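First, one chain by itself in structure tokens, the form predicted on its own.
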Amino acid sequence: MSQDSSIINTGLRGVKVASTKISDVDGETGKLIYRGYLAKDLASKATFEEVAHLLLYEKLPDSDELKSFSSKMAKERSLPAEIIQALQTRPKSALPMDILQCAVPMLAHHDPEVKSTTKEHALTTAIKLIAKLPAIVAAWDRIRNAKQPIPPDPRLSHAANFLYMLTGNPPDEETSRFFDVCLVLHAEHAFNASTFSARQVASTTAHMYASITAAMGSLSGSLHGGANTRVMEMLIEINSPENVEPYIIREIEAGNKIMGLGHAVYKVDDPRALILAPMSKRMGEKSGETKWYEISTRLEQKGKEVFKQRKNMDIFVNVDFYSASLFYTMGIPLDLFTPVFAVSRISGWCAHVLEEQFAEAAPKAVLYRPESEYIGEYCGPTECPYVPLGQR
């Protein structure tokens, strides 16, 4: 019989495993902070390139530093021909997150200094990964649709380049800025599952490519990534603002979640959602299809009302709720929503790997090694005796 029938499954909630200077989430007041700056301020005033520099180098760049950083990013956006060729051999039905996850180790194959353990090389690797991930996602979408990948345009910003490489058309200034804001808002979010995965692998002193590959594996799981895809699928199912209330009542009575409502950390509306909502409205107007925004706003309003009336609880909108309709009206395919999240979050992941391996205040070589409690079988007071195969 088992030694202990109790099961411990905390998911490490409430357990502090490391210190960080990178970001903080205040779920009670709805504040998201990147290295001391409110994310909402950065979203309204900075570019993604500035925020990536802040996360990696611990400071906002001055004009010369930004010019240098942006130049390095632009030079690293092209993919090795061998990786394009490898992508062309993949089944067209392959999941985009699986493609992205397998492409990152291939980038390591093209790094002659992959074994380097210096911070300088790690920073160079981080810039490469931030620059190349959008190219991988865009190239795969075109390849699976029997189109040729589009080389990056050095005249375009990081955000504009992705949309250009994806669609073949340079985005207008407003759309480019909206996507840039999306990248800023998704760049970092403390010790979420994928970030913890990256840091855990980094704690072994594995190189950054390995750490980022682990983060992507974590993000590919439905409990972490893909929420805004499911939000958009829900909006498509509802199809009209008039269908919102019956849908909510049916789902709540069935014990199902309303995607995009509720968050593991925030006890108020997600501050990122408040920024994305008006952009979703504007993109709907630009595209000539406003119903997705209209369904979303009605769903938020009625969802909050019904939860209060039926369950006597407050529920709040999260970042996925409005990013879904925003990405969709930008022409981004549903199954690319999670890879697009990675295109942004790669900056935060890389910052955490750097902090894990090179932070001056951190003790060196602290391997993440949690413990577990065995609740398996014993045969009486001692271990089970081995029974030969013929006697079982």
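Start at 1 and count along the sequence shown; that's the residue number. Treat the numbers as computed from the prediction; the structure is a model and nothing was measured.
Omitted from view is the form predicted in complex with another copy of the chain, to which the following refers.
The stretch in contact with another copy of the chain in the predicted bound form, judged by heavy atoms within 4.5 Å, is 197-205, chosen from 317-325, 156-164, 197-205, 298-306. Only one of Pro246, Gly288, Gly255, Pro91 lies close to another copy of the chain in the predicted bound form, with a heavy atom inside 4.5 Å, and it is Pro91.
Remark: Asp41 counts among the residues lining another copy of the chain in the predicted bound form, judged by a heavy atom distance of 4.5 Å or less. Interface membership of Ala146, defined by any non-hydrogen atom within 4.5 Å of another copy of the chain in the predicted bound form, is ruled out. Put simply, Gly380 is far from another copy of the chain in the predicted bound form: not one heavy atom of it is within 4.5 Å. In the predicted bound form, at least one heavy atom of Glu82 sits within 4.5 Å of another copy of the chain.
Taken together, Lys21, Ile33 and Asp62 are fully in contact with another copy of the chain in the predicted bound form: each brings a heavy atom within 4.5 Å. Within 4.5 angstroms of another copy of the chain in the predicted bound form, the stretch 368-388 places a non-hydrogen atom from each of Tyr368, Arg369, Pro370, Glu371, Ser372, Glu373, Tyr374, Ile375, Gly376, Glu377, Tyr378, Glu383, Cys384, Pro385, Tyr386, taken in sequence order.
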